[in-house]
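The chain below stands alone and is given in structure tokens; this is the form predicted on its own.
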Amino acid sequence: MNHRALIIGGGLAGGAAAARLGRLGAASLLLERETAAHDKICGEFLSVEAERHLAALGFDTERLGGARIDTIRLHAGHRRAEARLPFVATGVTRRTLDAALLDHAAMLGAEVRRGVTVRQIAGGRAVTAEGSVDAGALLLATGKHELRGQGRDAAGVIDDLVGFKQFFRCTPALRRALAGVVAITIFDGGYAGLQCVENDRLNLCLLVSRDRLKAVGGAWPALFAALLKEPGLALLADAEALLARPLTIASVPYGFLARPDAGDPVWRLGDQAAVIPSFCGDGMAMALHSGRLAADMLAGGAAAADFQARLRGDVGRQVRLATRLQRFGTSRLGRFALVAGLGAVPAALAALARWTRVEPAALARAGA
């Protein structure tokens, strides 16, 4: 690879690509629109697959002080199912993890420029407020946010959901109730995930349909009050919220999978390539996997379309399965049938967690 790669976006996918290229001795320039560490709307569940990718990049996750997670708990009304995960995961915020990974990439030789917004891609160049930037290859890693002219095809996806995220202070009682647990509550019109992260905090991240949000008045206070009536979330009634207002996002195309296109030179990473529903998917590991795979294939002289085909083969089945489960689990009949069935056969819950993750063979091909 004779010219440096240009990576647009400093999340896990972009950071992993930059770090891996650095370890391979290849030059890269990463442009991140935010000027400093910041929170993102996601569940912040770092699976064993994600940790393997980070370890292969020479990144030590233990120093981040994340919370150990080894159990999944599923609520639907008063029904509950629980099972041990087939691995030990870590709860760590994207604010902490993403910033540390960018610092790690810079240490390995990547040039990281923060506070630079890319407006569009034109003529093989990234157009910013400061002018155009040339590159040998363009890696698009802007996460759930679209770049003008690079929109994702929304056909057949689930895009009628609104996402919210709030942090709470973890009291001793909450810590005891959620120690080692990622708790998922399926409710009418959506679902929520609750887990411990570093520094004695809880992450509540949820998706709700526009219709359900409209039915409760369209505002967070009313929605949160309704959610507190769910047995799986009632323990937050007296919890101290740490954000003045929750983070929010809408119109994310859950279930999207990028198709290989020989005429498209852009390398699409992370959520720009595959958006797995957070209900049971592992978007963080898939983002890291895409970044690592892109760097290896780019350094090996592959074309963007070849990379997209390989990545689609690695994660397509998991995305499709998670999308079907989300559609089924958030229906009135489906959510109770799902919890009742998994409660009767706890091993099935662990199996679902395993089936929606990056397979060992794909990890091995990527060197993780």
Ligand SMILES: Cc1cc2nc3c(=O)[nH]c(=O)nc-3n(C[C@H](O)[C@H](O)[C@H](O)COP(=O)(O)OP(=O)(O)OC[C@H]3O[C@@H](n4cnc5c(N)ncnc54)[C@H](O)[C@@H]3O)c2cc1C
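Just so it is clear, the structure is predicted and the values come from calculations on it, not from any experiment. In case it trips you up, residue 1 is the first one in the sequence shown, and so on.
As for the form predicted together with the ligand, it is not shown, yet the points below apply to it.
The stretch from 173-181, 283-291, 223-231, 71-79 that comes within 4.5 Å of the ligand in the predicted complex, counting heavy atoms only, is 283-291. Comment: the ligand is not present in this chain, but in the predicted complex one of 258, 194, 118, 298 has a heavy atom within 4.5 Å of it, namely 118. The contact residue chosen from 42, 322, 304, 67 relative to the ligand in the predicted complex is 42, the criterion being a non-hydrogen atom within 4.5 angstroms. At the 4.5 Å threshold, heavy atoms of residue 19 stay clear of the ligand in the predicted complex, well away from it. Taking non-hydrogen atoms only, residue 60 never approaches the ligand to within 4.5 angstroms in the predicted complex. Although the partner is absent here, residue 205 lies within 4.5 Å of the ligand in the predicted complex, judged by heavy atoms. In the predicted complex, at least one heavy atom of residue 147 sits within 4.5 Å of the ligand. Within 4.5 angstroms of the ligand in the predicted complex, the stretch 128-162 places a non-hydrogen atom from each of 141, 142, 143, 144, 147, taken in sequence order.
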